[in-house]
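The form predicted alone is given below as one chain in structure tokens.
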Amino acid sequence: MNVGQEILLLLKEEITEIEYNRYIKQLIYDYKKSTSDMAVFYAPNALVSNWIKNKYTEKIAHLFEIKNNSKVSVKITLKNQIDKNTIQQKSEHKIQHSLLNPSHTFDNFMVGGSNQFAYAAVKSVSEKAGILYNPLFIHGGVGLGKTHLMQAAGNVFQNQGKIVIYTTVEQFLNDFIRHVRNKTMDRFQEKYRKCDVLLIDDIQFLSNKEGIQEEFFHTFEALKGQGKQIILTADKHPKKIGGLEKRLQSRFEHGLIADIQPPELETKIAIIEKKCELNKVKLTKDIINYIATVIESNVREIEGILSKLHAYSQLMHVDITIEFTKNVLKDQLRENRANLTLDIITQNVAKDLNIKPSEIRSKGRSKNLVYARRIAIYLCRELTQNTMPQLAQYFGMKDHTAISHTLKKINELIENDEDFKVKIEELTNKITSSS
């Protein structure tokens, strides 16, 4: 067994069996083309290659570093795409100590109202390193694009010839512990304090780790004092990170803090369209809109959903239709929507239409109430496992035939009225994102 296979088996212990069998297991390690500072793997197709690049190259590189005690860049490629610049790329990676994903660029980051400020801030910093907004602190939920933005700036800096270090707090901590044990802290400090740009992900994991906070503080001060750029990400605002030293919190807040919110429906649709283009997956507008409404706030799900659809389509030799998509994703949707209740859906519809939830469930027959009640019934049927008799009881209707009649009316409106269809999609998006 070669070292590449050993690393993949180590990774197997840290991820789900489904992801390992579907993606990681398909990688082939090229021990001949790999060197002490570059590990080369072949993927069977572009979709698997892009998925692993976006999600696991950093982890694979980290496992190599733990096993071999040296920094390794990971190259995931198709066998017919090995280019003549590999040697030059290996040399550049060695000099810059960087594990940046080259596919993370500003050009392929989808900008919307939810992330526009963060995008503008990072873009500005990438044009004037160490001058504007230092440090730059980006916070937001999982899978919203914090790492993508940070690494997009890193790629710009790297192309300018700057020494860029990208790492996570976990990797920073492991590196710190290894150098303490080996009594080589001078090498650790030289590595992190001599770079031009330091990018650190998941800063919240510094919480309650006094020793590493002390070292990070001095690294931060050294870089800031030299006018070097620092960009940090976390899942929350510095003030909300418990167990963080006041002096670190103060310094994080001294720069610019930008948050990223869950994307609105239009941005999700744009992201899916872009991912389809990059991964050469063909989906109709209806399927794209459907996926946009069913995924929650974690945009990272998109890549997994597209991979799943593509894999099922190829293995089963069928086209990707809306019915096929719903069937493939039903288990995932059931899990995502497990917490949705009839009350939650009704309250969201009432809030959006500016009426009371009790009015939706009343016997009122005004035009506005009938409109709201139909929408609530439709969404309760679509987003929960409740039967039509259960819905009839909840909404105070005679029996399931009244529910069936309402659903028929709504489906006719969705089919014939594009504005109403968009309204339903927007409400679905709001409800599933907030659940």
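Heads up: residue numbers just count along the shown sequence, starting at 1. These numbers were taken from a predicted model, which means no experiment stands behind them.
Below, we turn to the form predicted together with adenosine-5'-diphosphate (ADP), even though it does not appear here.
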Does at least one non-hydrogen atom of S313 fall within 4.5 angstroms of adenosine-5'-diphosphate (ADP) in the predicted complex?
no
Should G130 be classed as touching adenosine-5'-diphosphate (ADP) in the predicted complex when contacts are defined as heavy atoms within 4.5 Å?
no
Would E303 show up as a contact with adenosine-5'-diphosphate (ADP) in the predicted complex if we use heavy atoms at 4.5 Å?
yes
Is there a non-hydrogen atom of H104 within 4.5 angstroms of a non-hydrogen atom of adenosine-5'-diphosphate (ADP) in the predicted complex?
yes
adenosine-5'-diphosphate (ADP) in the predicted complex has a heavy atom of only one listed residue within 4.5 Å, and of I177, V142, A120, I322 that residue is V142
Just to be sure I understand the contacts: of Q213, S124, N108, Q347, which is the one whose heavy atoms reach within 4.5 angstroms of adenosine-5'-diphosphate (ADP) in the predicted complex?
N108
Based on heavy atom distances of at most 4.5 Å to adenosine-5'-diphosphate (ADP) in the predicted complex, which listed stretch, 134 to 142, 313 to 321, 154 to 162, 192 to 200, is the contact stretch?
134 to 142
Suppose contact means any heavy atom within 4.5 Å; which members of 253 to 282 contact adenosine-5'-diphosphate (ADP) in the predicted complex?
I271, K275
How does the CA gap of T105 and E19 change in the predicted complex versus this form, closer or farther, if it moves 3 angstroms or more?
closer
